[in-house]
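The chain that follows stands alone, in the form predicted on its own, written as structure tokens.
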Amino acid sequence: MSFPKRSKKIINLEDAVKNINKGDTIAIGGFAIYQRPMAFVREIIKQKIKNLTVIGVTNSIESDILIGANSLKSIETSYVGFEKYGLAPNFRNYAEKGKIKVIDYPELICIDRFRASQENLDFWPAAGLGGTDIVKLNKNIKKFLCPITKKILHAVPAAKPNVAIIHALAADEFGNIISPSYKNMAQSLDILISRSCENTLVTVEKIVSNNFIKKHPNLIEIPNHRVKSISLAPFGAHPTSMLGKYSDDEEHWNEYIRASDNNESFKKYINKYIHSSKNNDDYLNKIGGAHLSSLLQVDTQK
């Protein structure tokens, strides 16, 4: 029996972003302020892709910067904020002025929306929404009677993103994505998101050999048939953290927040770090090699 030849899926980041179209609904990997595919997000802004909808669970700087760059028309999530760094300034400003459509879902229900897409279902049944204002404010959630118990349930629409974007530790040239055996929510949610969409675009810290993949098959929870492309992007989650690789960059977070204080300073930030940067390497040069090295998580165990 002969098998089809595997295709190599490594492309540069600029070409990978061309898979995003104006008006697409996108799911952006990571969780809160951890492991966001920021190199990919910056390239979306650089290529001026507009009228996007983000579907998420708890969102942060990856959405806030897209909002400030006028790339988003709507967001469906439970939270947009910076956790220990405070509020998300662009999100708050645009939401208060009605410049972006915000659709609220509870955090766990947001996860269920991706579970529905993973199972190829149009909705996920929820039993705990009765009596909450969510069902009054969010008209996309529909009440129905359970056919078994006749109790009132609510149907929450599946996420159904056009494209999923995640940042991972490593992959081989065929698109087998390495996920560490120890996981936080960011890594677990990335796996779920990748299973909810047929177009998963991945940036990685490192490309490894296929022989390494064969020796460590237990690390592959996102196999190559679920991945459309992989792009090398060292420090691709900066300024968010990367589990087991580097910490979040507090200095840059504070710079971003200060820049988001008004439209003029935010435009200068976008121009400095995105529009005047040729690529991710150029962005990293502006951050500085010594500073990036200080963020690395060094294993001191012998």
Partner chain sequence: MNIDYTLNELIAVNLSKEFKNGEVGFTGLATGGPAALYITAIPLVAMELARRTHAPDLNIIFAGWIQNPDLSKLTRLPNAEYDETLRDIPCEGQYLTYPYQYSFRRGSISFGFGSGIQIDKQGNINSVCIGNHDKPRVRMVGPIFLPEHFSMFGREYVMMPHHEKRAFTNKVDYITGVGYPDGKKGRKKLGLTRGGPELVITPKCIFDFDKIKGKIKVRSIHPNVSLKDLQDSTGFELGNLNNIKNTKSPQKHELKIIREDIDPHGILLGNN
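Residue numbers count along the first chain shown, from 1. From a predicted model like this one, the values you see are computed outputs, not experimental measurements.
There is another form of this protein, the form predicted together with the partner chain, and it is not shown here; the text below is about that form.
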* If you check 228, 206, 73, 115 against the partner chain in the model of the complex, which one has a heavy atom within 4.5 Å? -> 115
* Thinking of 109, 119 and 297 as one candidate spot, does the partner chain come within 4.5 Å of a heavy atom in every one of them in the model of the complex? -> yes
* To do: Report whether the minimum heavy atom distance between residue 247 and the partner chain in the model of the complex is within 4.5 Å.
  => yes
* residue 223 within 4.5 Å of the partner chain in the model of the complex, heavy atoms -> yes
* Touches the partner chain in the model of the complex: residue 243 (any heavy atom, 4.5 Å) -> yes
* Asked: Applying a 4.5 Å heavy atom distance criterion, does residue 80 contact the partner chain in the model of the complex?
  -> yes
* Asked: Out of 258 to 266, 60 to 68, 27 to 35, 42 to 50, where are the residues with a heavy atom within 4.5 Å of the partner chain in the model of the complex?
  -> 27 to 35
* Quick one: which residues from 134 to 155 get a non-hydrogen atom within 4.5 Å of the partner chain in the model of the complex? -> 134, 137, 152
